[in-house]
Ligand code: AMP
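To begin, one chain is listed below as structure tokens, in the form predicted alone.
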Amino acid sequence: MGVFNLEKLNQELSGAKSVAITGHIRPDGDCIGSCTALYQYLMECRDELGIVKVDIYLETFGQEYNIISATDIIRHTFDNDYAYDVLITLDCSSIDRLGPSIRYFNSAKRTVCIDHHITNDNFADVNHVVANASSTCEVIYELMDDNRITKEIARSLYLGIVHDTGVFRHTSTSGRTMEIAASLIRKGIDFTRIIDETFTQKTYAQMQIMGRALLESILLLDGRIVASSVSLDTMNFYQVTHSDLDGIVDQLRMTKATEVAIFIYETEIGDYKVSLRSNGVVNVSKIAHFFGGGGHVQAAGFNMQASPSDIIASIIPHIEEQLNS
């Protein structure tokens, strides 16, 4: 495909009157940040590109993300039959992760995938995957003209970088990541507020469900694994949704002397989302990929239909294999 850069992106959008932007199911900070940043950037450049219509499609997410601009225009329903000239997927590693947005992917005249997951299977017509980038927001920053990055675009980009790096704690954080973060801060963004209100602060209900998950966690493999699960019944009891569970697996990972944290929650009756976090020795992306998921070396996940105990039992041998190799 050759080098994918700003010029190449403009070429892909040249002549497109309508553009759709979407991301993965159960969108996180990087997904929301990259989608809103790209939307705002295209709106800045729409006249010279000739774009008339730009829409974002994402599933619902926590209200804390409304701190950034353009979340109010995101479409959370997927019931129209509009066929877009170009559909751009962000932060999505495989076609099955598009969820209900798949209808717009299938009907679009051309599709572009921009991502940073090493497990990406290049499912679009044009694929730009930078596996060593900290986040999709970092990838699209490199595709933008810095002079066109407004303060509001910078806020969206910073949000995504902060969330996918765990506030610059994960090993995916590079010198370039920090340089980009600095350039965004120089745009005048309220970076401490973005971190506090979307990453650090929790509602009372979120604190309760996190406390429940931590209280009921278990140690396995002589303390090298910490695991916990939350059922739909428990979520209903605390009146929370999946978006209120953000941060639980990372809190589990902080358990001293553990190598891997496993957090499982029920999405539908009998269906579970599995989140894995590593403290460095174990490549959880490899494990997630085995079970049909994906992610990064230290943060990955997949879905499975089984009981939490059976899911944990199926993961343990993969962790043991890496720990003993």
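So that there is no doubt, residue numbering starts at 1 and follows the sequence shown. Bear in mind the structure is a predicted one, so any value in this text is a computation, not a measurement.
Only in words, not in the display: the form predicted together with adenosine monophosphate (AMP), which the text now covers.
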| item | value |
| --- | --- |
| Candidate stretches 289-297, 31-39, 51-59, 252-260, one within 4.5 Å of adenosine monophosphate (AMP) in the predicted complex by heavy atom | 289-297 |
| Residue contact check: H128 to adenosine monophosphate (AMP) in the predicted complex, 4.5 Å heavy atom | no |
| Non-hydrogen atom contact S278 with adenosine monophosphate (AMP) in the predicted complex at 4.5 angstroms | no |
| is_contact(R155, adenosine monophosphate (AMP)) in the predicted complex, heavy atom dist at most 4.5 Å | no |
| Residue contact check: N303 to adenosine monophosphate (AMP) in the predicted complex, 4.5 Å heavy atom | yes |
| Candidate site R224, H318 and Q322: all three near adenosine monophosphate (AMP) in the predicted complex by heavy atom within 4.5 Å | no |
| In the predicted complex, the one of S93, S228, T177, S101 near adenosine monophosphate (AMP) [non-hydrogen atom within 4.5 angstroms] | S93 |
| Residues within stretch 113-145 having a non-hydrogen atom within 4.5 Å of adenosine monophosphate (AMP) in the predicted complex | H117 |
